[in-house]
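Form predicted on its own, single chain, as structure tokens, below.
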Amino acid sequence: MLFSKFFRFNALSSLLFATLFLLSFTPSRASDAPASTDSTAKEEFNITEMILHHIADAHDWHLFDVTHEDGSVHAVSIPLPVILLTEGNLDVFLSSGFHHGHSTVKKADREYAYEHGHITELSGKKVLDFSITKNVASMLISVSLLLILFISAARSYANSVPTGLARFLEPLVLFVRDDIAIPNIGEAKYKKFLPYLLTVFFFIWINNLLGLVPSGANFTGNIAVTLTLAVMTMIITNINGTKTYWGHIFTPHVPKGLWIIMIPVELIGVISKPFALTVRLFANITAGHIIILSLISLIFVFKSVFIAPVSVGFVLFMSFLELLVAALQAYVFTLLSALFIGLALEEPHHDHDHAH
């Protein structure tokens, strides 16, 4: 029942996204810009710029564009806090002060400009940016949802029979425990790592779902995010590695003359595991967003309203597929993390005595 609600919600979200895109998107990305006198330039549509704009991080949360009668375009967005540290000076203000890149913000002897998603100080001073960007805001929303979900579920266990969200979350928790943690780590050691695996699974899944909401942030499609998650898995894996695990790396079971080749190969394997986790999650989520945006862009590429039903139909199909991908990628990342941890916990295998 709950999954059917997810599917219905995603279908409505896809229709809403397509409608907002068709009604409010214009080829020009400049906000409050005058209409061009060149009809060719006015009709030009840059699909690459549009896609990159929608999947990139930003200092404001762009919702949609409104085109006025005079041809000017006004971007409707939610301003986010800008936090800058410049030569020991802390400057805090809202991103709306930049007016979508058309204005600068002055703070004492410092003047900031916003260009191509980056904030610079006009006199050349070094700026450290600690701003709450769109991805950071999306992460805070997902963390808040996680806390609400699991605190509510935990409270329901005060009764003898779990109710509400706990009845939905319990099978998922048991799935991660029984089908991911125990088979890969072992029944004797899985409890130490189960909280991490549960956190990773639900964190990635919820952020994947939030990324499917119209105007949602491409959080798990940011390679810095996936790299951070992968590095956390690598740190946990290597810190808990046994002597057997490290022995396979620095004293491989090959003739000693081949150690000079095998040791670097094994060390590369230690690095390649988090690299694989990083790229798999990043590429799959980003590819889904690019495909959906590309399908909608077909309407502007062919310059025909008759392509709209076909385009929107494919978008709905891809959105349903992305629902499955959202859960699948959370499962794969958690499964591989458990597998890597389990390999690091490997104990030496002793030969059994054969009496007969």
Partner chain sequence: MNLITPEIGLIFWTGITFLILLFLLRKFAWKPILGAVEERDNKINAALNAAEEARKEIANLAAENEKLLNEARAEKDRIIADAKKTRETMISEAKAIADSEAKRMIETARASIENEKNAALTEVKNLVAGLSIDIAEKLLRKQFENNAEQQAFVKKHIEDIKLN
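Quick caveat, the model's predicted, so the values are computed rather than measured. Numbering follows the first chain given and starts at 1. So that the term is clear: the rigid core is the largest set of C-alpha atoms that superpose within 1.5 Å between two forms.
Another form, the form predicted together with its partner chain, is not on view; read the next lines as being about it.
- Using a 4.5 angstroms heavy atom cutoff to its partner chain in the predicted bound form, none of H289, L336 and F340 count as contacting.
- Although the partner is absent here, S123 is not a contact residue: none of its heavy atoms lies within 4.5 angstroms of its partner chain in the predicted bound form.
- Among heavy atoms of P214, none comes within 4.5 Å of its partner chain in the predicted bound form.
- Although the partner is absent here, V225 sits close enough that one of its heavy atoms falls within 4.5 Å of its partner chain in the predicted bound form.
- Its partner chain is not drawn, but in the predicted bound form it has no heavy atom within 4.5 Å of K243.
- Checked against its partner chain in the predicted bound form, the residues N135, N238, T86, S96 give one hit for a heavy atom within 4.5 Å, which is N135.
- A heavy atom within 4.5 Å of its partner chain in the predicted bound form is found for exactly one of F275, W259, F168, Y157: Y157.
- Screening 227-235, 100-108, 87-95, 245-253 for residues having heavy atoms within 4.5 Å of its partner chain in the predicted bound form returns a single hit, 227-235.
- In the predicted bound form, no residue of 245-259 lies within 4.5 Å of its partner chain by any heavy atom.
- Residue displacement note: I263 has its CA displaced by under 2 Å between this form and the one not shown (rigid core superposed).
- The two forms, fitted on the rigid core, differ between this form and the one not shown by 2 Å or more at the CA of L128.
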